[in-house]
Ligand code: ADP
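One chain comes next, on its own, written as structure tokens: the form predicted on its own.
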């Protein structure tokens, strides 16, 4: 039967440790006894009795510490008391021939007190070392000074790793890159017979939530080998040299269990560019740790069995060049945001444990979530399930997914906000302006999905589109159409109310960003040509004359788009009014309702190819 481990760690077991522990204990008792004897031998007397003893010439000598007096009578009895401060006290002592000394308050501690304090501190240090809580943070994860250089990595044996490549939905190209490493770990002779060498390391690069850690665990699960997991920040300590020691210990453990995999999450915490000669605020501890990591990955010591290092980061631009060269991180595996097909697979995978209604189309949900990471999609499923549970539903419906998506993108619906009828009308016409501009340019805009004037987060209303396909390239016509759609809300307010409000601020930001991309990044204007103009750090810096040309061109494009949008809405003012009135009545309208209301050909049933 396995005994239960003592939660206070192991007691001192060596003879020397036991002797030290006993001596400290006895020393403490001895110090306490001396202080106690001191207290017992000294008797405290009232101030009045002290004055009587002085006047009766019975006091031999005293020590004065502020208002505290300790002394000895002529019959060798000790006493102490507190006296009042008055000028005649010293004259009284001289008159009766009392020997007195004034002691500084800072020297009032005796040698016994000082020794006791030192011994007490040493005792606490020893007790902390021996009786500290045991650490379960992985092999070598001790918390005392003697184990500070041990690695904090968690070791997972093959039986504890359940993830396989089948557990990772999407990320097809990343899985293909990593399958070579798995095949080498399983069949090394297949590659060694022709002289091939295993990849020393692979760097997983991607935004947070796209599955870098899951892919690393899947590699270990497929290869059926030990897996060491650690974060880059776990190497760094305030003491210089500790991180390097932890790196050595980590690789020593990995080589003992080779073939094995080391996974370093957020490697940019330890792998940043090294400074030159201390310039630029270098960190000695981090740089020594990085140097040791470089040596372990590609140094003189080469083991027979492979140790593969996987690392993850979303900031590859800050990593040291020596870390990225062949022989260390040989491969850079991109883990991008999932495309449409991958989003369908991810949603389907996470929906396996959820009771979902039969009419829920995962493909449609995937179309409406461009730019969502794998973690975002998992959160979408969970939020929809929570919403359905709060409504006591038997299954999760498409309405629950709509509510969950709006909550994630915009925030929770605000039910306590009180809007005047004028504010509601302005919001309705504003959102109708956005929607109508999109509807009037079907060849360059994504199909309309939903329009709502229900306040969420900081938005009083929102217009959603439903992308037909993944877009990896945009032409100038599509970007100009996006500018007009962003300006449609303000233009509608001006046409109907002939006044301007603050609700278009975020729309102007969007429009301005797109126009500056046209002018400064993509070279889509004849006046400035195919040149990148940017004021970001590290990019090109242009002259004041060029800046004036850019501002002039940006203003020209915005003014042209604004005027054309105004002409478009004026030509369809009846549709603008009809849609606004319907929004005031229903608050939320879906595309099919809007197409029927305005007698426009529907794009709702468009099939993705």
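Residue numbers count along the first chain shown, from 1. Bear in mind the structure is a predicted one, so any value in this text is a computation, not a measurement. Whichever C-alpha set is largest while still superposing within 1.5 Å between the two forms counts as the rigid core.
What follows is about the form predicted in complex with the named molecule, which we do not show.
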| remark: The stretch from 484-492, 244-252, 202-210, 515-523 that lies within 4.5 Å of the named molecule in the predicted bound form, judged by heavy atoms, is 202-210
| task | Verify the contact flag for residue 261: yes if a non-hydrogen atom of it lies within 4.5 Å of a non-hydrogen atom of the named molecule in the predicted bound form, no if not. | result | no
| Would residue 365 count as touching the named molecule in the predicted bound form under a 4.5 Å heavy atom rule? | no
| request: Indicate whether residue 73 is a 4.5 Å heavy atom neighbour of the named molecule in the predicted bound form. | output: no
| message | Taking the named molecule as it sits in the predicted bound form, is residue 346 in contact with it (heavy atom to heavy atom, 4.5 Å or less)? | response | yes
| note | The one residue among 511, 168, 223, 230 placing a heavy atom within 4.5 Å of the named molecule in the predicted bound form is 168
| message | Counting any non-hydrogen atom inside 4.5 Å, which residue from 269, 214, 480, 294 sits next to the named molecule in the predicted bound form? | response | 214
| request: Could you check whether the CA atom of residue 174 moves 2 Å or more between the shown form and the other one, using the rigid core for the fit? | output: yes
| Quick one: once the rigid core is lined up, does residue 438 have its C-alpha move by 2 Å or more between the shown form and the other one? | no
| task | Verify the C-alpha shift of residue 313 between the shown form and the other one: is it 2 Å or more after superposing the core? | result | yes
